[in-house]
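This document opens with one chain alone, in structure tokens, the form predicted on its own.
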């Protein structure tokens, strides 16, 4: 741990650099701490020696190192409370009863992306390892029903299905009974294979309109499994606004990684709380930070994340993610 004055100095340097993107010299620190320039230079040299600060080639000032940012986040920073206007904006979205929760989370993260000028990501949990628990069907009119597919991990998929006049709801219920008797416990990715090889050959014994009803459920499961890459980015090109990303090649490299499904799936958070991955820890770029957290709603998990420059407003972003997580898990 650093001494009190060293803590104050590192905090000033990190927050000044976050604000200006310019190396911090001894004069601004002298003004803040009311001590001699010789003292400041000695302390800055010490912070550089232990790896918390770095010199740049173009200035006599210092910038925080990856280790310096880590020490700042773990020991010096306090999450910033949202302004009344920010709370009101997010509450308008999160309390909108006409929105599905997943849509409310996505829209909230879009707003945070706009407020911070960083990239936001909502990453739903993969359903590949979910198993079928139950299928239900609810008639909503003479020519449509809602098929409800429930997995063992709490994922619920609702699919509105149009039916023609030749198909009775009773026939559809027979199909649901077959599925629940024969396919419960099957991995979601394998349901359609079993539909084809285990149910299709026998369906004609129970159901008159077998082809139409079979296709109805086959398509519903197919649509569900195609959603397993369940993620939404906002502000993916916000990196262009940060001065440290003035190289087109660097920006292209980062954006390419954010389009790589393996990289995206690796962002999924498994730990608790708000977690900060700085520089190389982000596994995207040495100048990138990811701040992310896992949320759990009705047994279903997901990840919300903010991705931006290492020179990120950590206090603001962590405060916002804490607020969103708290609201959606109420």
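Numbering follows the first chain given and starts at 1. Values in this document were obtained by computation on a predicted structure and should not be read as measured data.
Just so you know, the form predicted together with the DNA exists too; it's not on screen, but the next bit is about it.
Checking 26, 282, 65, 303 for any heavy atom within 4.5 Å of the DNA in the predicted complex turns up a single hit: 26.
For the residues 296, 264, 35, 50, the 4.5 Å heavy atom test against the DNA in the predicted complex is passed only by 35. In the predicted complex, residue 275 stays away from the DNA, with no heavy atom inside 4.5 Å. Though the partner is left out of this view, residue 70 does not reach within 4.5 Å of the DNA in the predicted complex, counting heavy atoms only. Contact check for residue 270: every heavy atom lies farther than 4.5 Å from the DNA in the predicted complex.
Contact check for residue 286: every heavy atom lies farther than 4.5 Å from the DNA in the predicted complex.
Three-residue candidate spot 133, 176 and 181; no residue lies within 4.5 angstroms of the DNA in the predicted complex by any non-hydrogen atom. Along 31-45, a non-hydrogen atom within 4.5 Å of the DNA in the predicted complex is carried by 35, 36, 38, 39, 41, 42, 44, 45, in order along the sequence.
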